[in-house]
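One chain comes next, on its own, written as structure tokens: the form predicted alone.
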């Protein structure tokens, strides 16, 4: 079979960030170690790739500038500039601020209340369907096993992840599962986690741009040998390297507004699974 020329390969290379991300994930096991390292760095720091030169990005990724060129060509691009164009296009499509999101809804004539309900309900359905189709069942089983075997569960999640861990805390309390919600107004969550040990477990939820407090909790847990279960949005999430099990959730959005429907569904799955494995007498608990 005839090998594609460089120009043909470049034409076939993904022209959008999601396509590039999918290609890197599909090729991760085939790429040489150094190229895989640089590819992971690029996906974790897309803005730096968009604004930087091959030399500056390579320096940050602890590689040589030639490695950036080799990565681009290995992925089917004509060179670094061709690859960089994908990252720059991503910036143009980057999620806007809340005022811009409202403006986009108005411009799209979706700001009417009924239309908003339809749009957000549709996004919730797409998120849940994606979760059901994409979830790694082996990782899900491992996560449930880790959490079931823990003496006490510690829950970490901030910003848009906080509603999920807060509701998870409510459900676990109803199911009589010992846990501690890391939500100190005094900012001592990392210190609180030092009371935990290897017989406990941390469930951490965070999505890009990743809450610093949650990352700090994961770091403390890793240092203390506390098993971590992570719910996040990418194999290259900073939560993944420290996790005994990690689960990917990608929420659909409406003009940049996201509903955490899939995250809630996954959190509920883990809570009920842990309770059942612990054989909690559910019939003794009644919702108020």
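Residue numbers count along the first chain shown, from 1. Given the structure is predicted, the values throughout are model-derived calculations rather than measurements. Throughout, rigid core stands for the largest set of C-alpha atoms superposing within 1.5 Å between the two forms.
The following text describes the form predicted together with the DNA, which does not appear among the structures shown.
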Assert contact residue (the DNA, in the predicted bound form, non-hydrogen atom within 4.5 Å, options 69, 252, 226, 245) equals 69
Interface check vs the DNA in the predicted bound form: of 162, 87, 80, 210, the one with a heavy atom inside 4.5 Å is 80
For the DNA in the predicted bound form, the stretch among 72-80, 199-207, 121-129, 149-157 with residues bearing a heavy atom within 4.5 Å is 72-80
| request: Look up in the predicted bound form whether residue 53 has a non-hydrogen atom within 4.5 angstroms of the DNA, and give yes or no. | output: yes
Residue 34 within 4.5 Å of the DNA in the predicted bound form, heavy atoms:
yes
Exercise. Evaluate residue 60 for contact with the DNA in the predicted bound form, applying a 4.5 angstroms cut-off between non-hydrogen atoms, and reply yes or no.
Key: no
Exercise for the section: Would you please decide whether residue 65 lies within 4.5 angstroms of the DNA in the predicted bound form, comparing each non-hydrogen atom pair? Expected result: yes
- Query: Taking the rigid core as reference, does the Cα of residue 84 move 2 Å or more between this form and the one not shown?
  - Reply: yes
Quiz item: Core-aligned, is the CA shift for residue 230 between this form and the one not shown 2 angstroms or more?
Solution: no
